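Only one chain is given next, in structure tokens, and it is the form predicted alone.
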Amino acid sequence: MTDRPVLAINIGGVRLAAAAVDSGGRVSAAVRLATPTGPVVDAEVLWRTVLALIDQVRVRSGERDFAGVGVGCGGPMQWPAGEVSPLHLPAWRNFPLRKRLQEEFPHVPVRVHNDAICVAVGEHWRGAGRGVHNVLGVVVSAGVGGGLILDGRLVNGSSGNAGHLGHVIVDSGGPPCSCGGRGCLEAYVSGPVLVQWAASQGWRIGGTVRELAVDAERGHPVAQAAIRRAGDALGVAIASVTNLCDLDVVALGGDFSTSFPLLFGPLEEAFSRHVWATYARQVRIVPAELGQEAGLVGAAALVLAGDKYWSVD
């Protein structure tokens, strides 16, 4: 592998980010901006925003030629073709993201995967899962995503969606989910869901996730109940995956790992109630060590450590 850094890009419904990442996983020249939204934002407007982001990284890093391009993008997507239709980016439907980037970077590898999978990869490569072989990465933000590393390698599944935790059933009689099912983890755990549930229980109307976190820290009973409810559901889901996959580490990332430290208590209590074997009780459940850079580091690892994290061309 060349000494040149990889261009890493993260595309989400709330923000876009890009940076240069070297072979040690060090992030430099990072640029972040709010994802453009609104009726005038079509596919090409969003694409030009990504190109402008790339140009800023080039200027900040002084690099014109990167060793490759790794991208984490919200799903669903056609993988490994990299045709993306992110739920929170309606401007892109079957957008040929990998193809368009390959046209911009014709002489180096371009690899696109789910953004939550990139967080899991980043945590295994250079974060909380470093040095172990079996890791579940969980991302909680506007939705719930995840990725699985088993026996030291990324598990893709038949469509590239293995590890997607958000629609694991935690209660078959639970509330309806946006996917059309009932009782999915995502029906209990996400920023919008927490705010809606808390408002229905008497918390403020029109409040934000950040305000909910502050109120929980101050002891507001409804805000704390919302976090307990979310933590319990997360604990059940993680226990199920741990029983199935015999994990070493679960790394929890996204806005929740920093905004809701109170989440880990009820999560660990529910986890302990639902794991049945001694091996499952050995797992460590920790905040993502790389924080907001986990997705960028993981995207870069699709190129820099492709023997572990990329199985197709």
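Residue positions are given as counts along the sequence shown, with the first one as 1. Just so we're clear, the structure is a prediction, and the values are computed from it rather than from any experiment.
Below, we turn to the form predicted together with another copy of the chain, even though it does not appear here.
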Note: exactly one of 195, 187, 142, 148 sits with a heavy atom within 4.5 Å of another copy of the chain in the predicted bound form, namely 148
Just give me the single entry in 157, 219, 131, 106 that has a non-hydrogen atom within 4.5 angstroms of another copy of the chain in the predicted bound form.
157
In the predicted bound form, is there a heavy atom of another copy of the chain that lies within 4.5 Å of any heavy atom of residue 225, even though the partner is absent here?
no
Taking any heavy atom pair closer than or equal to 4.5 Å as contact, tell me whether residue 87 reaches another copy of the chain in the predicted bound form.
no
Look up in the predicted bound form whether residue 172 has a non-hydrogen atom within 4.5 angstroms of another copy of the chain, and give yes or no.
yes
Although the partner isn't part of this model, could you tell me whether residue 163 comes within 4.5 Å of another copy of the chain in the predicted bound form, counting any heavy atom of the residue?
yes
Quick check: do 167, 179 and 274 each get a heavy atom within 4.5 Å of another copy of the chain in the predicted bound form?
yes
Options 95-103, 121-129, 231-239, 67-75; stretch whose heavy atom lies within 4.5 Å of another copy of the chain in the predicted bound form:
231-239
Relative to another copy of the chain in the predicted bound form, which residues of 28-46 have a heavy atom no more than 4.5 Å away?
none
